[in-house]
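First, one chain by itself in structure tokens, the form predicted on its own.
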């Protein structure tokens, strides 16, 4: 396996897939285009090219410039809705013409490199009635991670409200706890939102997954999906380094891959992988802790695993080591964490 990972200097984003909408929103709020493009490799004439591309570092710089020029905390909320309703993004046309939420999210997951390559998702059944989708950075996003997660959540919630009429039964959990984000979520999201959570996630009742969309259109859906497939010839389906590393470790559990094994699978030396992870503001040990912590939380939320079983599934030598590690990573012992979900 040689999983090609993209980095900050790869041109893996289309200007017409988010950047144009961001720039238009910012300019309507008084920002000047020249200042928004300062520090990037984007020229004004590039914005009119159908397949004009930019580096991910440029995208992050655009976000930074917008935040420096504008006091506009509602921007990521509006951007998610603007991207969904863009007539230039085939994937968004595909989402809106899908039969139901299950089909729409399957397309969003498969073609995510065309719209949100810096974020990846993992879904699990939180209970018999709710599916939780956890949103994680595929590359190091730094202080722009709350912005990106908010954009994606806004797109999903807008889709659900437009096609199913309401998002009141949805629950969003965010790592960020800033006051501005809390206020804007109350204004823009018609759902329950929790802040300062262990991870970013969105929980959707199982009953909504098969409910038919208002604008379902099989012919339009197939046409939009064909356009997405054609675009795949231009945009490679690359995954971010953090996503690749985490996927390898999750597949290997309860065994743990060494840094040398992961580096070899990625076609890198161990030292090169170490340097790459440092550029993404993390290290191998921290990623391993994150993977075990998150898998432990998922299994605990299902409510029917003992500490001994969890230790075996997560590669700990015994349940005592698992309890100590879980307390170090979450601040809670497993029993107290399980108690948060009112299991008998």
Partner chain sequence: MWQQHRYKMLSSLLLLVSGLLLAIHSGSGKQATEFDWLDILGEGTTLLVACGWLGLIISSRPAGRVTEWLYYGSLLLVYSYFLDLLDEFIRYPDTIRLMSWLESLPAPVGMLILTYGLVGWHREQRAINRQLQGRELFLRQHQLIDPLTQLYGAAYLQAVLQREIELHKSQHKALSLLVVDIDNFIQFNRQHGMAAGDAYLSQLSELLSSQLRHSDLVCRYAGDRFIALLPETAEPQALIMAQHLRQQLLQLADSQNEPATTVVALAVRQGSTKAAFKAAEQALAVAKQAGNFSHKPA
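Just so it is clear, the model here is predicted, and its values are computed rather than measured. Residue numbers count along the first chain shown, from 1.
The same protein also exists as the form predicted together with its partner chain; that form is not shown, yet it is the one meant from here on.
Figure note: of the listed segments 98-106, 232-240, 266-274, 79-87, the one touching its partner chain in the model of the complex, with heavy atoms no more than 4.5 Å away, is 79-87.
Among heavy atoms of residue 291, none comes within 4.5 Å of its partner chain in the model of the complex. Residue contact with its partner chain in the model of the complex: residue 112 places no heavy atom within 4.5 Å of it. In the model of the complex, its partner chain sits beyond 4.5 Å of every heavy atom of residue 136.
Contact check for residue 217: no non-hydrogen atom falls within 4.5 Å of its partner chain in the model of the complex. Screening 122, 244, 72, 185 for any heavy atom within 4.5 Å of its partner chain in the model of the complex leaves a single hit, 72. Put simply, of 132, 163, 144, 259 only one has a heavy atom within 4.5 Å of its partner chain in the model of the complex, and it is 163.
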